[in-house]
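Read the single chain below, which is given as structure tokens and is the form predicted on its own.
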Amino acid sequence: MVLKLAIDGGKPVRDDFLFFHRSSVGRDELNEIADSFASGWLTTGPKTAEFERRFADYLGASAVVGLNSCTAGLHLGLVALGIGEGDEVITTPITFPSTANVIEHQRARTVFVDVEPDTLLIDPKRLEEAITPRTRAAIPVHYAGHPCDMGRIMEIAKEHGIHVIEDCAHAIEAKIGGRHCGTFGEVGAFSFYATKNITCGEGGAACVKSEDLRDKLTVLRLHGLTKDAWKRYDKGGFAHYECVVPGFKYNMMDIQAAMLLHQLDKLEGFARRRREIVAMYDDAFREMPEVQPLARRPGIEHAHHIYPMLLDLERLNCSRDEFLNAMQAENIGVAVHFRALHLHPHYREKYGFRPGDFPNAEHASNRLVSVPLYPSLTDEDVKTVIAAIDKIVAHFRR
């Protein structure tokens, strides 16, 4: 029997609303923040330095620079590598706007290339075809937590002499052959935003390959000053600062780092629970052709930041947005990751992009739905998500 949808007046699958995301923050994080308040040191200081060391150890990286966002990491990577006006930077249209916005901030030219249809990762073949004499860099995005083909991308970069900055906003735990994403390119930018796998509300970090890049980003993140507050006001003789480059206000605070020190301790437990939830979704959707989870390549470790799926609209009598509204009415929070960026007004108007330019990205853009995926979900919560999808699919099935 096909049940009446809640959006049409039927009974929702659950009585209370299941939020698309809830952060897993506990007493340990609160106590560490309280310790920062008690110390009197709130901005970039000892806890930031400790987090940078520990996160670098976790990634197996040469160095990490704590920042206030992943966007800051992407932007500072471009600045430090000398990307500027007239240069071209290749990236994907299936990403959050910040990935391309930082290219625009540098007055460089954003060059989109299409994605693989089953993973929605940047297609290395199309990336190579898009390289011109003006191409200076590429920004692959490890979408949803699935690593890009970094082996092939780094081969292309070496052959053509271009820089690689990895967008690792979704990919804290992601690995290729045991090696962490973010350690392949010259810079890897990570996000600790409220919805990310570990969080401090707002925050980020850049993993860098060399001491030179670490030093450049450290200066650039705080107004281009030679000494940050920790160095200026710590014990010892007074130290004057000098502004050596017009930098930015991108530094991480110790209050943020205080949360992250304990979030990092909990990361493996979070990841284990995410894998359990993903397995439940995979099992439920295996025999539901109207719902298509994204492919996963062998030899990788997926971070499972989000669980996006493609609706087979040829099998359904509804649009993606009608599906989203029906899910919300069933008291299930949902999201879209992402609407193809080349069709957003700025990029469409500046570069003259039109529907049909990147068919794989556009096909996905009209069909993507993300469902809740976070450690505090109970098995019963997950079952209600599956029940809502099953109910809506049954109603709209052709």
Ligand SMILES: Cc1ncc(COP(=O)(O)O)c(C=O)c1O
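We number the residues from 1 along the sequence you see. In this text the structure is predicted, and so the values were computed from the model without any measurement.
Another form exists, predicted together with this ligand; not displayed. Remarks below refer to it.
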Checked S365, S370, S36, S69 for heavy atoms within 4.5 Å of this ligand in the predicted bound form; positive is S69
Can you work out which of F184, Y193, Y281, F248 has a heavy atom no more than 4.5 Å from this ligand in the predicted bound form?
Y193
Please state whether all three residues L74, G203 and F338 have a non-hydrogen atom within 4.5 angstroms of this ligand in the predicted bound form.
yes
Since the chain is shown here on its own, which stretch among 285-293, 161-169, 267-275, 78-86 would lie within 4.5 Å of this ligand in the predicted bound form, judged by heavy atoms?
161-169
This ligand contact in the predicted bound form: T99, any heavy atom under 4.5 Å:
yes
Q256: heavy atom within 4.5 Å of this ligand in the predicted bound form?
no
If we define contact as a non-hydrogen atom of the residue within 4.5 angstroms of the partner, is T95 a contact of this ligand in the predicted bound form?
yes
This ligand contact at V141 in the predicted bound form, heavy atom, 4.5 Å
yes
Would you give me the residues of 287-311 that have any heavy atom within 4.5 Å of this ligand in the predicted bound form, in order from first to last?
none
